[in-house]
Structure formats: structure tokens, C-alpha cells
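In the block that follows, a single chain appears as C-alpha cells, in the form predicted alone.
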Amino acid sequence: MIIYFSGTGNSESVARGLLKEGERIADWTEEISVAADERVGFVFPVYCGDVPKGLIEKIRAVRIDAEYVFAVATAGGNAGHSLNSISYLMKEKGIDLDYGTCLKMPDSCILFPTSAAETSQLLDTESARVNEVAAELDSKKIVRFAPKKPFPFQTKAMWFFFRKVVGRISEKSVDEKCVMCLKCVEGCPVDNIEVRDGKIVFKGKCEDCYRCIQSCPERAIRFGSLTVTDKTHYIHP
């Protein structure tokens, strides 16, 4: 079984590439109380050097029964603290994270756009790189990480600066270009966006996955001072 968290499609694509025939795949928002299989894996993007908060809560709520547990992070840079966090979450359950790795993918964060040339190169080699990880998983390779509590000071500081200072991404809004196509409402994984009095409203429980701002066809959504441009637009093909 593979449980994935995906904002703009990178992690879902990787998760599906790792999926074995007959194996179940589940979006992190699905109701799952038990993850029981020969192997259980987590595929997720790295946000501010760590695991998305919503996935941490999901993992803590799920009972895991598996012979082999793995985690694959996708990131524009590196895994940061995230694989240590997953190892910690497994230790809370009395089990080991047997394998962890990070696959570099185009960054959907508007603050750190991946160049067009590198995006093309990463997508062109994605399948081969995923197959390499799949082969290691098939052989039940052991790559362990020291368990470390999620959201250390560095992660908290990065989130503070992104949300409140650099970009002010916590201040989400929609401008006059909005045509009420409702793609943002329908696509939000945590139901954070709704229509109120004929306007798009953000309710304050955002995972900052960038799905809404990157999928808006009119580029009408703002994350504080940030809007999507040709240079910063990215959705996995």
C-alpha cells in the first residue's frame, strides 16, 4: 500500500510509478484507519525541509501493519529533515522506517522556480529514476534514518518567514480576474476554499500545497505578494 500527499502532481506521479500490480494506492485525505500490506510506503513533497503537516497527522492516526515500510520524498532541492521525521513517526508506533530516499522534481513553490531547462531534464528522467527506486524497494533494500522529532526550529522559522514575511503566503486572496470556474474550490485537498456571498474565500486551514494558485487558469489567486507567472507556473504533466 502506498499513501501519498501531492499538491501539484509530482508525488502522485512518483507514487503511481512505484505501485506494484495489485497494490493499493491512497490519497492522504482518504479515510484510512489501518494500512496493512506486505509493504507500506509514503510519498510526499518536502515543504520547508520537512513533511507536510497534514500528512504527519494522517500517519499518526493510521495503524501500520507491514513487513517493510518506506518513504520517498520529492523536492526541488533535498529531503531536509523529512525522512528523519518519518523515521520518528514510525518509532512512535514501535516500528522501523526501513528505507527512505529523495527524488528531485521541479519545484512548484513560486519563490523557488525550477528553470525550464532543468524542469524538462527532471521530467525526461523521472521514469528511469523512479524505476531505480522501485528496484531497490523490490529488493527490500535497507536505508534507515535517525529518528528526529518533526518540525525542528529551522522548519518553524522557515514557515514563519514564508507565511508572514517573505511573500506573506498566509495572506491568500482572489483578484478581479477570477471567472468563478471553481477549480480552486474543487481541487483543494483540505476544503479550505469556498464560495461565500458570490466570492472565493480562503478559510485558514491551508496546507500551502500551491495546487490552487498553480491550477488557476486566470492566474487570479494571490499568496500575499506572490502570483504565478510564466516562469513560476508548474503543474506535473
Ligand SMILES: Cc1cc2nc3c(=O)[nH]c(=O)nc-3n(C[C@H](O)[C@H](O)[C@H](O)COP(=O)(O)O)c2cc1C
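The shown structure was predicted, so the numbers you read here are calculated from the model rather than taken from an experiment. One rule holds for the numbers: they count along the sequence shown, beginning at 1.
Although not depicted, the form predicted together with the named molecule is the subject of the following passage.
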query: is_contact(S120, the named molecule) in the model of the complex, heavy atom dist at most 4.5 Å; finding: no
query: In the model of the complex, S85 touching the named molecule (heavy atom, 4.5 Å); finding: no
query: Any non-hydrogen atom of V46 within 4.5 angstroms of the named molecule in the model of the complex; finding: yes
query: Interface membership of A134, the named molecule in the model of the complex, 4.5 Å heavy atom rule; finding: no
query: Stretch from 126 to 134, 87 to 95, 100 to 108, 141 to 149 whose residues place a heavy atom within 4.5 Å of the named molecule in the model of the complex; finding: 100 to 108
query: Those residues of 176 to 196 which, in the model of the complex, come within 4.5 Å of the named molecule by heavy atom; finding: none
